[in-house]
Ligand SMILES: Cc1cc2nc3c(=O)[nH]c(=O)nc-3n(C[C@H](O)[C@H](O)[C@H](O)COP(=O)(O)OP(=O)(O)OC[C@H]3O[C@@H](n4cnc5c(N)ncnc54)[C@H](O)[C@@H]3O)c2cc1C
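Before any questions on how it binds or moves, here is one chain, the form predicted alone, in structure tokens.
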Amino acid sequence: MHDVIVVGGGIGGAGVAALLAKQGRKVLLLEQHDKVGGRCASHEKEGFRIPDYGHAFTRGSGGNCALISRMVGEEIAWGRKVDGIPLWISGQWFKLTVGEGLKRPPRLQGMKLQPKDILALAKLVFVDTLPKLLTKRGWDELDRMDLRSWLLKRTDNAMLHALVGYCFPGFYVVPYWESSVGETLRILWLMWKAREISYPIEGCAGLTGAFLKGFKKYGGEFEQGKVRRIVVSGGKVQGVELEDGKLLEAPLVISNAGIRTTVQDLVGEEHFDKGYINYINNLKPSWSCLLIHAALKEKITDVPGVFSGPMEDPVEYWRRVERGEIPDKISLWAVSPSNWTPEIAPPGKQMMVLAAPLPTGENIDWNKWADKMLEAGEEIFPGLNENIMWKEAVGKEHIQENLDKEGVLVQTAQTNWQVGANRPSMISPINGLLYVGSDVGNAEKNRGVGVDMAAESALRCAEIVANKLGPVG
């Protein structure tokens, strides 16, 4: 019998398993796939280390993944550090810097604004926003405010709305009129404190690889196996049952399978009251996405990553995408992991990842979108298509098969009504069942985006277990 069983070896699951093993607990980590990592896994092909999805690590060695690895006595090797995010809007290059201390705050380089726009932004920041950061009530108000409404309080400048409207859907995978101002400010604050964006030298696998080394070093047990159900009796967890019928007992189960999947599929709705089931069913997920991994026969750009978009009104643009239309000019997130760390690609070659947030509706033509993404990538990086040796497309079907039955990236989107205090709790109504991952939170402590947020959940979940079970021995 184990003290804890962790279901799923994503960043949250592998991270909390390693931390609990270090606490001295008897931990079993179960993963249904032949590798750990979840949304942050990678594979190798012809000398390339290819991310299964697409990432840039917004805090690098100053982020939560690096913290967990150090806590369990391992280190993640990081590549080149960059100090900002390039932006490409309708042929114009800009850069959002992460800043460096009080002497150099974050700023938008390359953008020329009229005096009236500068004044509007100053009022937005110093009158409408900064005073709210001083109180909890003010933070709560900013959490509930969406980015578009926040901008419209002071400006309708088309370029500013384009920059925000095309950049942040790459963070949250939801349109900017659903993205939270408070959450965005906290993410930018964390980036500013870390003062770097980076990429692991070993690729995505380097993160969970470090976690697993620490996990096994402290006596953790790993088993590849698919969980059929989390066994619950009398409102209390008993353990898990695997697909082959094997029963594994534990008084505490932590699920990294997603909160909706855990409740609906692994536990069963009959074990929860109707109010909680309605709450879970009404959580809004993020969109899906389409990614193209392209192996290039030579290096065509030094840009590590870029958010891009047209000058079209982002509201109209994303509404057209929701209707199944493919605009003439599209929004794209492009990252070249090998520009952060050359070890990602063979000498002289380049790894490029193109990504586009897309709804999960049946009206999306994924093949036509892939063609359009390559066309848009060529416009940003001339010579892209003629240098492609081979490419892989990862879309809704792949996500459904490996991550989520609906094909979404995150089961609880970071909308302006699902962040902070309104994020689903990591503690379930069932005694002994916890959730971990980027779709849940612990009061207002779990903030961030993507991989960093998943690692934050592992840290918070380990604290909850320590408080619940007390010291070992």
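Residue positions are given as counts along the sequence shown, with the first one as 1. Given the structure is predicted, the values throughout are model-derived calculations rather than measurements.
What follows is about the form predicted together with the ligand, which we do not show.
In summary, the region of this chain contacting the ligand in the predicted complex, judged by heavy atoms within 4.5 Å and restricted to 188-196, 226-234, 369-377, 342-350, corresponds to 226-234. At the 4.5 Å threshold, heavy atoms of His33 reach the ligand in the predicted complex. The ligand is not shown here, but in the predicted complex it comes within 4.5 Å of a heavy atom of Ala257.
At the 4.5 Å threshold, heavy atoms of Cys40 reach the ligand in the predicted complex. Contact between Ser438 and the ligand in the predicted complex is found at the 4.5 Å heavy atom cutoff. Think of it this way: in the predicted complex, the ligand has a heavy atom of just one of Leu291, Leu384, Ile280, Leu160 within 4.5 Å, and the residue is Leu291. Among the residues Ile50, Ala66, Val410, Leu433, the one placing a heavy atom within 4.5 Å of the ligand in the predicted complex is Val410. If you take 1-38 and check each residue for a heavy atom within 4.5 Å of the ligand in the predicted complex, you get Val7, Gly8, Gly9, Gly10, Ile11, Gly12, Gly13, Leu30, Glu31, Gln32, His33, Gly37, Gly38, in sequence order.
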